[in-house]
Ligand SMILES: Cc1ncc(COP(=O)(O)O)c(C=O)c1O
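Form predicted alone, single chain, as structure tokens, below.
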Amino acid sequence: MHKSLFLLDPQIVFLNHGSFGACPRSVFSIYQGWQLELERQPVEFLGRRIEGLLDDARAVLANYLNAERDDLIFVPNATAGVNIAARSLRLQPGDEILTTTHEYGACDTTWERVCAKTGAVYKKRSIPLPLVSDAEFVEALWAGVTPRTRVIYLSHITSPTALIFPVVEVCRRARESGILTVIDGAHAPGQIRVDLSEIDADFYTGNCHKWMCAPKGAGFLHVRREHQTWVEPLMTSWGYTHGDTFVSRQQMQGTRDPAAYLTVPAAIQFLREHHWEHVQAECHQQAIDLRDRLVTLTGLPALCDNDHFRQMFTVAVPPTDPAVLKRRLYDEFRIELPVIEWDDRLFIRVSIQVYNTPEDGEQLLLALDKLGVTAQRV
């Protein structure tokens, strides 16, 4: 699929879809259409039509995720969903939230602040690398469970290391043990299959504006029905006075632009029209090939086997100044990708989306070789 179907600058080698996504031209046009419709008659749109429009959009998203419409709400992003879950919990001093060292920094901060206020404890587990076995992952995580473990918080696909975690098995085991699960699926929908009924987390939040290709500011939070009465929105507004349901409390929060949410069905339609399962498989193979060559170039070991990443992968690079590396990749080679410091080591994270070509990978390899990011420096 040609890059011209997207709005990206053709002069940039864009290997960073994972950070903020990229919206196709056709989907973005529909997004702008919703904004124009809102401005033509804002009172009618926001005062009379919006609830029905959002209900319809949520129904399409719920069908895509194999969930019930009214168990799911729109949120601006997955971080907002994590905040809703974390801030709604009635944590007590000594309660433990178990997680890994691979989680997204902003959400780590969320949990740390909640723990500072409640006296709960945020416990991070190291996971043996390379990740090659779901069973070994679950056992390594479960070694951190204690009688005080109240919540397991886990990414479906991690941000710094791009690893796919076995959330289905973790959620199953947690439910058997009476432990709540909060799953951060920021990178999952659109990159891998997400079946919320199969995962069966207590809370699952994800983004539509990353790998699903919706406009920026479209995410969702799914909550099991037995928890919905005590889940509090980040903002108290009219939703408490109009029916007071899980959906109304979260959905009726004053004046805001709902166009990104309403465009999610168009993004899902775009994925279907372009046979996205085939696209994902092609991108995965391209990612495998490029990762293998990068590992050879750097001489540093891979973080996982081919089954524990999909369209996004992270590879270690020899020690260097991360700010300088990122700047030179962009300024000298027009390559956009994240340079990440994690676990006292340096990494680059590469995203392969439908618009990327093997030539993009060749340019990255050439740039790193010219910059001296090779095995000879190790």
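It should be emphasised that the depicted structure is a prediction, and the values quoted were computed from it without experimental measurement. From 1 onward, residues are counted along the sequence shown.
Another form, the form predicted together with the named molecule, is not on view; read the next lines as being about it.
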Candidate stretches 179-187, 255-263, 226-234, 134-142 - the one whose heavy atoms come within 4.5 Å of the named molecule in the model of the complex: 179-187
The single option of 280, 248, 77, 149 touching the named molecule in the model of the complex, heavy atom within 4.5 Å: 77
So which of 115, 107, 86, 194 gets a non-hydrogen atom within 4.5 Å of the named molecule in the model of the complex? 107
Taking 4.5 angstroms as the cut-off for heavy atoms, does residue 222 touch the named molecule in the model of the complex? no
Indicate whether residue 167 is a 4.5 Å heavy atom neighbour of the named molecule in the model of the complex. no
At 4.5 Å between heavy atoms, is residue 213 in contact with the named molecule in the model of the complex? no
Examine residue 155 and determine whether its closest non-hydrogen atom to the named molecule in the model of the complex is within 4.5 angstroms. yes
Go through 192-228 residue by residue and record those having a heavy atom within 4.5 Å of the named molecule in the model of the complex; state none if no residue qualifies. 207, 209, 210
